[in-house]
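Before any questions on how it binds or moves, here is one chain, the form predicted alone, in structure tokens.
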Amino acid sequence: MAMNPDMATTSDGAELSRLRSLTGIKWSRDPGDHLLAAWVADMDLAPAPVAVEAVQALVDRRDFGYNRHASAQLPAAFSDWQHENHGWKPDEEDLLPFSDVLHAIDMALWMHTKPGDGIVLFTPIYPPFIRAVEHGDRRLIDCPLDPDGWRLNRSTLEACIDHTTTAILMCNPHNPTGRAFDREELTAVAEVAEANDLLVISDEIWGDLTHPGATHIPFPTISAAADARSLTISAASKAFNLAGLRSAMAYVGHKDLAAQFEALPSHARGGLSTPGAESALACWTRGGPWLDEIRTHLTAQRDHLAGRLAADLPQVGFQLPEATYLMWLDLNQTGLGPDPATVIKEKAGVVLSPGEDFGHRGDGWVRLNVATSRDILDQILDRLVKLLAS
């Protein structure tokens, strides 16, 4: 398969010019040819060729009418993909399509919880989870991960639960820390949920992007009780770089929640766009070899960043992520203050995700996206080295 995930930038900046010509938010939100974008979780790498070919075939056929050809095949393709890659074979009858992962999360919280209910988040946490809880007038229950390894601690979780708690909302693997939770941690979640009659919503969109030595464990595989309490959601978008095509699958193991979804008006769950369904189907049936190459590149990027930080920026703290293409960096010892992302953008021209967006425990932290070329990653690091040296 012809593919070059490294995308080495030419001396005239052709790769940067291509990225700056894109209309996606990663490179267009902050105008200025001096800026390097490493914030939102989009890859700079081209999407999976099988996805591009599937969408191009639609264009070539002028096939833009009502269409269920691909979406009708997606539950079986998703189930087979999960079985082949993660040892989980969800029942196709329990799978529901959604426009994206956050759509399913918002609908579940809206239907299954009520204003004032407590929703547990493992912090620091993906910012839209915070918004999903707070915008629905639910109460955010802050359950911090152990900063020494970012492990999920059972006693901490148990201490967080109160009489208002109705759900746990988690990333598995975790964003922004990159933890791939192990069986012991997920068993703790399942047992605490069972003891307190809680719904567990598990966003597993990063499950296909683990690094060597780490394993993604789908939450419903922990036990029959875990399965029966779960809403487990995933998509092809992160692994195959398709975020704008809007296609996700949700496994609804929680029977009461399944009944609530079924009771909705027919269009309340939305639907999959034809390009989104076609691209996801192509990736889940034919995208494995490409994904293997991408994972190799992303691991090399992670390791390169870690090596340069250790050599050139020892004051920056980090722990090697087990999954994702994100690095959660502690800049509290750099002298850049509680909001280093703003200083770095203004003085170094590098756009990172501010730690404070991930909850109050993120002060002094930033999230950096390594899903780019080696050349661009080194340009980002060179600017950080120069800034901190000054």
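Residue numbers here begin at 1 and follow the sequence given. Only a predicted model underlies this, so the values are computations on that prediction, with no experimental measurement involved.
We do not show the form predicted in complex with a small molecule, though everything after this point is about it.
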Next on the checklist: Please pick out the stretch from 106-114, 211-219, 80-88, 171-179 that is in contact with the small molecule in the predicted complex, where contact means heavy atoms within 4.5 Å.
Outcome noted: 171-179
Checklist entry - Does the 4.5 Å heavy atom contact test between residue 281 and the small molecule in the predicted complex come out positive? => result no
Next on the checklist: So, residue 297 and the small molecule: in the predicted complex, are they within 4.5 Å at any heavy atom pair?
Outcome noted: no
Next on the checklist: Since only the chain is shown here, I'm wondering whether residue 308 would be in contact with the small molecule in the predicted complex (any heavy atom pair within 4.5 Å).
Outcome noted: no
Checklist entry - Closest heavy atom of residue 126 to the small molecule in the predicted complex, within 4.5 Å or not? => result yes
Item to check | Residue among 138, 238, 302, 254 with a heavy atom within 4.5 Å of the small molecule in the predicted complex | outcome: 238
Item to check | Of 70, 54, 350, 41, the one that lies within 4.5 Å of the small molecule in the predicted complex (heavy atoms) | outcome: 41
